[in-house]
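Coming up is one lone chain in structure tokens, specifically the form predicted alone.
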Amino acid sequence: MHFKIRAAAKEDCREISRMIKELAVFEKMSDQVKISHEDNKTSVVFLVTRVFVVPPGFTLVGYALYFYTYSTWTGRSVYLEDLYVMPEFRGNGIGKGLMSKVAEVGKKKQCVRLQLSVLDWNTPARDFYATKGAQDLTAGEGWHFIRFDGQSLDDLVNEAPED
């Protein structure tokens, strides 16, 4: 199958939003999607997204959304927030191509590592990442991802000292 990776454009936001919703359904979290394609239009400026285009018709069939972070121990990193390929296009190397392109872009920006999260029940994804050399830090180092949102985020903000 012939495919091409390119940077996302604002015109892609409706299709990216569609795939974000598809990913949320797959992850059994569809109720958590709160942004629209209009919100994504402004986010594309801040977040870097790569999309897969499959001719004919130039259909968007997958995307990788990533951003840069910083480790105080090792330096600049790239965080892969989403890696999604529509089910009917899986198994054609598209996911591998997207992830490899994110890694390539990160290396060009002097990133020393690529990080991502994967749900514990998503064994196919975990196995895929392992075959590519990824380390499971949950088991290996005991790291847990922690989140503040909603009321807990508001409470934390309210405890901030005044400037």
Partner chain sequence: MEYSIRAANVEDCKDIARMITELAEYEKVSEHVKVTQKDLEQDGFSKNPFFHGIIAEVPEQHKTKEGHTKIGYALYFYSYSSWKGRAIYMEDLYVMPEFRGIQKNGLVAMEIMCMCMCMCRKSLVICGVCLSGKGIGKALMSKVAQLGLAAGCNQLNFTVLDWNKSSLDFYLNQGCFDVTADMGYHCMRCEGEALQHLAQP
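Just so it is clear, the structure is predicted and the values come from calculations on it, not from any experiment. Residue numbers count along the first chain shown, from 1.
Here the subject shifts to the form predicted in complex with the partner chain, a form of this protein not shown in this document.
Asker: At the 4.5 Å heavy atom threshold, is Gly93 in contact with the partner chain in the predicted complex?
Answerer: Result no; Gly93 lies far from the partner chain in the predicted complex.
Asker: Taking heavy atoms only, is Thr123 within 4.5 angstroms of the partner chain in the predicted complex?
Answerer: Contact with the partner chain, no.
Asker: Closest heavy atom of Thr59 to the partner chain in the predicted complex, within 4.5 Å or not?
Answerer: The answer is no: Thr59 has no heavy atom within 4.5 Å of the partner chain.
Asker: Can you tell me whether Gly75 touches the partner chain? I mean in the predicted complex, with a 4.5 angstroms heavy atom cut-off.
Answerer: Contact check for Gly75: yes, within 4.5 Å of the partner chain in the predicted complex.
Asker: Taking the partner chain in the predicted complex, which residues of 128 to 163 have any heavy atom within 4.5 Å of it?
Answerer: The stretch touches the partner through Tyr129, Lys132, Gly133, Ala134, Gln135, Asp136, Leu137, Thr138, Ala139, Glu141, Gly142, Trp143, His144, Phe145, Ile146, Arg147, Phe148, Asp149, Gly150, Ser152, Leu153, Asp154, Leu156, Val157, Glu159, Ala160, Pro161, Asp163.
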